[in-house]
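The data below hold one chain only, encoded as structure tokens and taken in the form predicted alone.
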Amino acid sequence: MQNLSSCLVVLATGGTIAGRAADALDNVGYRSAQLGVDDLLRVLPGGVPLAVEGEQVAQLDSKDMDHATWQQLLRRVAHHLARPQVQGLVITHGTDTLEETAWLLQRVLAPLKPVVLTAAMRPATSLQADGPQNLADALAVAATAGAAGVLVVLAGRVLGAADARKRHSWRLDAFDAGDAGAVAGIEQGRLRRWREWPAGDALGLAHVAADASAWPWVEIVTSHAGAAGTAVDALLAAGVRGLVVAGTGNGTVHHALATALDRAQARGVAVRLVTRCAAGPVVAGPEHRWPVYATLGPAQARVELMLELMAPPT
């Protein structure tokens, strides 16, 4: 049973959910990150099950998400998770880099309370504004007894951090979880669960370099017809620490690009392989010459390799 003093915390970071346009029919020519957390909470539908606290952690378009903001968000989430009266957290975020932030939070904190990221595909001024309903749904999930892990809630679906991907550039239901499927659905404010909550071992805040400028430099390169190794050689010369290669199909890589990646690996650069396909894992086999992140998308794999490179030497 929840304590009567239990509360939910909303951490706002900007994004389209906080965006504004001059015309209610304009769903693309808006400015992100215009409304503060109090504005978002003020227009919530009724029926929020617990008291809600709001905190503005950042105010940016999520295409501009950076390591310093991630570091601050990790600290604030960890702070509120440690408060016994906090039942769960909601993070409002832009959709462009939401899946990266979700994976970072899950890997570093693996929370035993729910940490729910939500967003919007339409600005707050739109006739189709989806932010208030998404936020209300996210709060309902965060208030659910027994919920845990980092979750993504949009368009009535609850997705796990490892599986959530932005699949569409404009539709309201822009996110899905591929083969894994949704963890739960939200129907008239009620949650219907189909899978277990996300779980895992937390790396812990101490794993993450306190100075965000010291986080290792990891880039993504993509294999395609006519791919060359020039970009890899330039990144190697500039001091890159890790490379995620988004291969075609089941992780295949153009021979010229593969040769450059081998050169980079021989000089100490960590190379990891994923697929550029929108769905499906890389089924690892002897033909794969670099370690595989089988089920992660390229952007999540970049986060994973960055965290891997932060690990102290054994």
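Each residue number is its position in the shown sequence, starting from 1. Please read all numbers here as calculations on a predicted model, not as lab measurements.
The same protein also exists as the form predicted in complex with a small molecule; that form is not shown, yet it is the one meant from here on.
Only one of G242, P111, G229, G94 lies close to the small molecule in the model of the complex, with a heavy atom inside 4.5 Å, and it is G94. Contact check for E55: no non-hydrogen atom falls within 4.5 Å of the small molecule in the model of the complex. Interface membership of G15, defined by any non-hydrogen atom within 4.5 Å of the small molecule in the model of the complex, is confirmed. In the model of the complex, D262 stays away from the small molecule, with no heavy atom inside 4.5 Å. Although the partner is absent here, N27 sits far enough away that none of its heavy atoms falls within 4.5 Å of the small molecule in the model of the complex.
Annotated contact segment (heavy atom within 4.5 Å of the small molecule in the model of the complex): 95-103, selected among 157-165, 232-240, 95-103, 206-214.
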